[in-house]
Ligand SMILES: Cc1cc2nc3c(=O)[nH]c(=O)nc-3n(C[C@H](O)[C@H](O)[C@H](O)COP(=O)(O)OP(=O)(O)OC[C@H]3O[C@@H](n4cnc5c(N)ncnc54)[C@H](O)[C@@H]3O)c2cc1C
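Quick setup: one chain, the form predicted on its own, written in C-alpha cells, and binding and motion questions come after.
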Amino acid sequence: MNKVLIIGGGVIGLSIARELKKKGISDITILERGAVGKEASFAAGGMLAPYSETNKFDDFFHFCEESLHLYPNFSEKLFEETGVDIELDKAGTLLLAFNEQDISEINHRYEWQKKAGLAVEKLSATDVHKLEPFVSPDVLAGLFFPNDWQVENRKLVEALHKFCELNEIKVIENTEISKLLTENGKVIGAESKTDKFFADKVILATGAWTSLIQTEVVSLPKVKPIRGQMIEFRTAKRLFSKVIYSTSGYLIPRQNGRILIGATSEDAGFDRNLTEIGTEILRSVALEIAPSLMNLEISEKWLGFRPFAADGLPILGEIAENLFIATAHYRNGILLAPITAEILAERVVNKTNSRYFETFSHKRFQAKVVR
C-alpha cells in the first residue's frame, strides 16, 4: 500500500492522517470540501465528558472512556510535534440542579455511578458556590465529575493541521467529492466536479456530508446533519474554572476569558441561518447557570452540523474493498478523535481488528432478511 486518500478534513480526518503518518504511510492526501477544520470541529465545545453525559455502561461509554484516557499523551505529543498547546483542562465538570426534578435526576445519576465505582461527588448548594462563586444563587445541589475534562477544539484543529504541514501530508481544500471511483468492485479513488484522485485506500471521514457521496460498491449508511448553535461571552478574566451543565445546556470557560454557551439541537438540514430563537434559548441557559452574565453582550455566534446516524452512534470500519469509514460521531467527535484514529489506522495499515468495528459497523442499519 502506497497511497491513502482521506475525504474530510475535520478533527477525525486530520487525526487519522496523523496516525497513518506515524505508522509509516508516506503518501497521504486529505480532501476537504471547504476549509480544513472549519465545520463541526470548529463549532464544537471541546468537552471530554463521558462521565457526566452517560446513564449506562455500554460499548459506547467504554469507547468514550478509552479515548479520554488517550488524551494526556495525545495532547503532549501534539505539543512536541507542532508547538501548539491544545489546552487540555482537567478541572472537571459540574452538573447543577435548580428544581426538584433536577435533584431527582442527579440523585439517580449519583447512585448508579457510585455503585459502578466511578468518580463522582454529590454537592450541596454551598459546596457548589465554594467551587464556582459566580454560579446562580438559585442552585439547589450538584454533582462533580473530576475525570471529565475539556480541550480547546480550535487549537486542536490548528495543531493537527500544522502536523500535516510539517509532515508532508497533502491537504487540498475547497474540493467537494461527489462520488467514489471504482474498478472491478474495488474503490480506486474519488472524483470532484473538476478532478479525479486515485489511491490504494480511501477513508470517508465526511461527517454530516457522508450520505451525499455516490458509490456503486456499497450502500453508504444515512448520516444527517443536526444543527447546533452556540453563543459566546467575553470577560476580562476567567470567571469559572469548570465546565458547568444544567439540564438545559452548558457553559464552557476558556483560559482567555471566553465563555461558550451551548448548544441547540435542530433537525434543520444544512440550513446555515443563525436564529433569534436559538440565541434566546442559549441566553436563557447562560442566565440560569450564571445570572451575573446578564449585562454582557454576546461577542460571537456560530453553528455547526453534527453528523447523526439513526441510533446516535458512530459508524466505523472497513465497508468495502479499499474503502473505510469513520463518521457519525454526533456530539463526540472531539472526544473520540484519538481512539478513532488509532483503531482505524491500525486497520488500514496492519489489518488489525477491533471489537468496536463490530459494535459500530455500518451493517447494523441493513435490513434483516426474514427466512
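A quick note: this is a predicted structure, and the numbers were derived from the prediction, not measured. When you see a residue number, it is the position in the sequence shown, counting from 1.
Quick note: we don't show the form predicted in complex with the ligand, though the next part is all about it.
In terms of contact with the ligand in the model of the complex, the residue from 28, 344, 31, 315 that brings a heavy atom within 4.5 Å is 31. Contact with the ligand in the model of the complex, defined as a heavy atom within 4.5 Å, holds for exactly one of 268, 188, 164, 213, namely 213.
Contact annotation for the candidate site: 7, 207 and 250 all lie close to the ligand in the model of the complex (heavy atom within 4.5 Å). Put simply, residue 338 is far from the ligand in the model of the complex: not one heavy atom of it is within 4.5 Å. By the criterion of a heavy atom within 4.5 Å, residue 113 is excluded from the residues contacting the ligand in the model of the complex. The closest heavy atom approach of residue 309 to the ligand in the model of the complex falls outside 4.5 Å. Proximity of residue 325 to the ligand in the model of the complex falls outside the 4.5 Å heavy atom cutoff.
Using a 4.5 Å cut-off on any heavy atom, the residues of 316-342 that reach the ligand in the model of the complex are, in sequence order, 329, 330, 331, 332, 333, 334, 335.
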